[in-house]
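Just one chain is shown here, as structure tokens, and it is the form predicted on its own.
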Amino acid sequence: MELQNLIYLFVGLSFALYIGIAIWARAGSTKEFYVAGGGVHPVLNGMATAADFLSAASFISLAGIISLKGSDGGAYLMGWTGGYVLLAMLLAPYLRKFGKFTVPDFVGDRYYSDLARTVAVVCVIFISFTYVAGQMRGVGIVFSRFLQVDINMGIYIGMGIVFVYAVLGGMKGVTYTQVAQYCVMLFAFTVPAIFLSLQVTESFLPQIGFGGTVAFEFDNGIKMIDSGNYLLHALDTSMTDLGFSAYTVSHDGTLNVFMLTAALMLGTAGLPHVIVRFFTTPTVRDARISAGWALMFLAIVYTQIPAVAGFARVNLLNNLQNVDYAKFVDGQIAGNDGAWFKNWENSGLIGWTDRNNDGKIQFGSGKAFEGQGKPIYINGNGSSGERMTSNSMPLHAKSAQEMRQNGEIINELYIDRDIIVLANPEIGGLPNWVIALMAAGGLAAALSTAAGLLLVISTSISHDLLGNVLMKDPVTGKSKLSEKAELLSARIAAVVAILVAGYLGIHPPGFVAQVVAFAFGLAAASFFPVIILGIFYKRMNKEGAIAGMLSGLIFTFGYIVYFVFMGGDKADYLWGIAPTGIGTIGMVLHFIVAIVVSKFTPAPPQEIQDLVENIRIPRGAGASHNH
């Protein structure tokens, strides 16, 4: 079957499965909408948690970062995996025992304050919308290539799919949909990884192939790399020859790598859409078991990511470097079909411009395009893409060989790092069904996390803000909304959230994993300290919690906005820390402000201190308090 027909078949079947599950498991009550009724089996909940966690950033973008940045990209891998362990072991069991299924709910009750609850809702909205922007961007990227539509149209289609199974099914529908999505993602990531490992290293397991030897000779544009070289050594040699930093050597600096890793790790521990997963099981014990299952399901994919990144870089060098562009894209080079390049080029996510007029692709360090606006693509004949000009791209009269002899490095290739994983099967010439499977997996990754985030946003607005603050009965302290009215408001909030998420996906603030890193930094600065202090520090009061959340969120958000969106100079970075890692400093600021303010303000009521003492006692492996 032809590739495009296979893609339509695989994606269509997966969408039909998701929508069918959503209809079958649609929510009929607020408890089913918020926490799937609290009756999900630990193994299934582990799968759903893994699917929620394996966002577009993990599935689509992470291997691309490592492939193009080398060891510095490993900060994302370490931060996200370490953060999940921290969340599962340190925070989730206590939150589960406390019996509150949203972070604002925990903050509002633990800090006995509607203002604290409202501030937490604002933090949830900031974090979740920043995060979901990356997911919707991922949906658009997958659709633009595999369904041959514009990126923005792809986002609109994704919004429609999420609308059906998130708004209709709620957390119950999303949970069982995510079980199916994890299975799709697992096969979609693992099957190509095994193919590529056999192709590049002749090893069946990608994890072993990553430490193995290259199975063929390849040309890095300056010299041939012999077969039998260890994969990482070959990558180091190739990249330094082409003017890049060595693949296994950090060039971002130890401080930045540490700050980014810490921000991602601590941000993971404060992610509201992952925390809520621990409330969908029947008991606290089941929540702990599901955390272990989720860690295993995540490890199966995450341990393959560095290998996939390395295989991708080898294949890029082997198939693109120093090849004749016209023959390549017309399929005239034996064993190296360039049809994939034209497809991605038309989507604007990869491109080539002949800067030295020799007709061959040269891949080296430096920016290929420095035109006006975002790089789209420059056709081989020198004409520009519709949204970009080539004013600042000087052409060189020298041949590539002369330039290399003079020690000059040029780069004629633009690659969006978000396409590396998706294009990997095509670059490696894998069978069409594998490429179609990858398309279905990429969409599953983006849609699963987007649905979880949108539900968190709708829950925070309908349950925490509307039900427990704006519509709270001052006498009884309970919500004046009926269950039916609260369920309706949750669905309306989800619809509004989908529309905002679509807008952010069309106008993203960066590449997928970078946008997600911003969200994790905001979570680290706003939620991690207030949860930790709420569990382990009885003296922490509402004044300290509110001051801490606001200071952490405002500082981190302001830093990101100034340096990313307002053109701030990198030379003015605080201690040289990039915006992706500033959440670590925001977290420290939060801790300091919260503790200092709590020292100079009244202690929390005795019943709150007793409550904190109680949730730390290792009892209650049975059912938690009903909300």
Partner chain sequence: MNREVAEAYWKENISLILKLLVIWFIVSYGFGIIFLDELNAITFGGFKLGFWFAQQGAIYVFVVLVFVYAKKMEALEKKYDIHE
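Numbering follows the first chain given and starts at 1. Predicted model only: the values in this text are computed from it and were never measured.
What comes next is about the form predicted together with the partner chain, which does not appear here.
Peer 1: When the partner chain is placed as it is in the predicted bound form, are V85, A262 and L295 each within 4.5 Å of it, taking any non-hydrogen atom of the residue?
Peer 2: Looking in the predicted bound form, the three residues V85, A262 and L295 all sit within 4.5 Å of the partner chain (heavy atoms).
Peer 1: Which among 87 to 95, 123 to 131, 354 to 362, 487 to 495 is in contact with the partner chain in the predicted bound form, heavy atoms within 4.5 angstroms?
Peer 2: Going by heavy atoms within 4.5 Å, the stretch is 87 to 95.
Peer 1: Residue-level question: is P579 within 4.5 Å of the partner chain in the predicted bound form, judged on heavy atoms?
Peer 2: So P579 does not count as contacting the partner chain.
Peer 1: Answer with yes or no whether F258 is in contact with the partner chain in the predicted bound form, where contact means some heavy atom within 4.5 Å.
Peer 2: Yes, F258 lies within 4.5 Å of the partner chain in the predicted bound form.
Peer 1: Is L77 close to the partner chain in the predicted bound form, meaning a heavy atom pair under 4.5 Å apart or at it?
Peer 2: Contact with the partner chain, yes.
Peer 1: Determine whether any heavy atom of Y247 comes within 4.5 Å of a heavy atom of the partner chain in the predicted bound form, and answer yes or no.
Peer 2: Flag for Y247 set to yes.
Peer 1: Report the residue, out of A299, I554, L470, A339, that has at least one non-hydrogen atom within 4.5 angstroms of the partner chain in the predicted bound form.
Peer 2: Partner contact (heavy atom, 4.5 Å) among the options: A299.
Peer 1: So which of L242, L317, I427, I535 gets a non-hydrogen atom within 4.5 Å of the partner chain in the predicted bound form?
Peer 2: It is I535 that has a heavy atom within 4.5 Å of the partner.
Peer 1: Which residues in 272 to 310 have a heavy atom within 4.5 Å of the partner chain in the predicted bound form?
Peer 2: Residues within 4.5 Å: T283, V284, R285, R288, I289, A291, G292, W293, L295, M296, A299, Y302, T303, P306.
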